[in-house]
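The chain that follows stands alone, in the form predicted on its own, written as structure tokens.
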């Protein structure tokens, strides 16, 4: 195998080995509850404002486009059905992908990378403390939990924003909008959306911790790892989004 092909393949193999070590540490006591709470709060703080700033424009764009189409075919009363379907199945997961990768994962990678170049990780290993159990597991679980909450927040903002935009700016009947909310979107679509969000958070946390623990050199290498985290997390999360969406359509169609 050539060196050009072997390096990325070894990196992929190392990542899956890291995932297996994290899975084993997840079920091994003691669980770092305090670290989990601190990290969940930290990720929520860096993600909340970008979520609000991205959810509103996405909502307006989807609602505006959809309502124009519905007005053209004389079905403006179905605006609520379209808004709920778009917010739960598309806007919520896509905004969650962008925020989890761009804000949450980069913050985790920068923190882990800084600990690595300060040799805190090596010191923990010398003391017999597993950095995966002590640092990685709480961050991956916190990223998963925050992604779930962000998805619920974006879906709520999407539906509320669509109501305001449709009723007050595009003259959609408010009663018809509310009646149509559950026409296309039910419990199964909501659970698939939440499953996507949980997978996004878990994968973004794993990628960020893996790259942060493997930086070498000075602060420049931490910056490079943060940039790689955005790229690799985007690539992985969009692939997962497509796969789960396709499986969800088959499951809900049965």
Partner chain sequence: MAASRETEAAVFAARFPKTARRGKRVSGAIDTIGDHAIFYFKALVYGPRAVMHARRETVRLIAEVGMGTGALAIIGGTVVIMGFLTMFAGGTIAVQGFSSLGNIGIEALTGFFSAFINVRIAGPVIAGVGLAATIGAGCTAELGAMRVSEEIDALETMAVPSLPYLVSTRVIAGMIVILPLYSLAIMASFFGGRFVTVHIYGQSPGLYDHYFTTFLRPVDLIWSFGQVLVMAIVVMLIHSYYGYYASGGPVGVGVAVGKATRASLVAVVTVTLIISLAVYGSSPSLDLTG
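All figures in this text were calculated on a predicted structure; none of them were measured in a lab. Residue numbers count along the first chain shown, from 1.
The following text describes the form predicted in complex with the partner chain, which does not appear among the structures shown.
Exercise. Which one of these stretches, 174-182, 84-92, 155-163, 141-149, sits within 4.5 Å of the partner chain in the model of the complex when only heavy atoms are counted?
Worked result: That would be 84-92.
For this session: Flag this candidate site as yes only if 27, 77 and 199 all have a heavy atom within 4.5 Å of the partner chain in the model of the complex; otherwise mark no.
Result: The answer is no; none of 27, 77 and 199 reaches the partner chain.
Exercise. If you check 195, 224, 213, 44 against the partner chain in the model of the complex, which one has a heavy atom within 4.5 Å?
Worked result: Checking each option against the partner chain in the model of the complex, the one that comes within 4.5 Å is 224.
Problem set entry | Interface membership of residue 34, the partner chain in the model of the complex, 4.5 Å heavy atom rule | No - in the model of the complex, heavy atoms of residue 34 and the partner chain never come within 4.5 Å of each other.
Exercise. In the model of the complex, does residue 125 have a heavy atom within 4.5 Å of the partner chain?
Worked result: Residue 125 lies outside the contact set for the partner chain.
Exercise. Hey, in the model of the complex, does residue 98 get a heavy atom within 4.5 angstroms of the partner chain?
Worked result: Yes, residue 98 sits close enough to the partner chain in the model of the complex that at least one of its heavy atoms falls within 4.5 Å.
For this session: Indicate whether residue 106 is a 4.5 Å heavy atom neighbour of the partner chain in the model of the complex.
Result: Residue 106: yes, in contact with the partner chain in the model of the complex.
Exercise. If we check the partner chain in the model of the complex, which of the residues in 226-246 reach within 4.5 angstroms of it by a non-hydrogen atom?
Worked result: The stretch 226-246, when checked against the partner chain in the model of the complex, contributes 226, 227, 228, 230, 231, 232, 234, 235, 238, 239, 241, 242, 245, 246 at the 4.5 Å heavy-atom cut-off.
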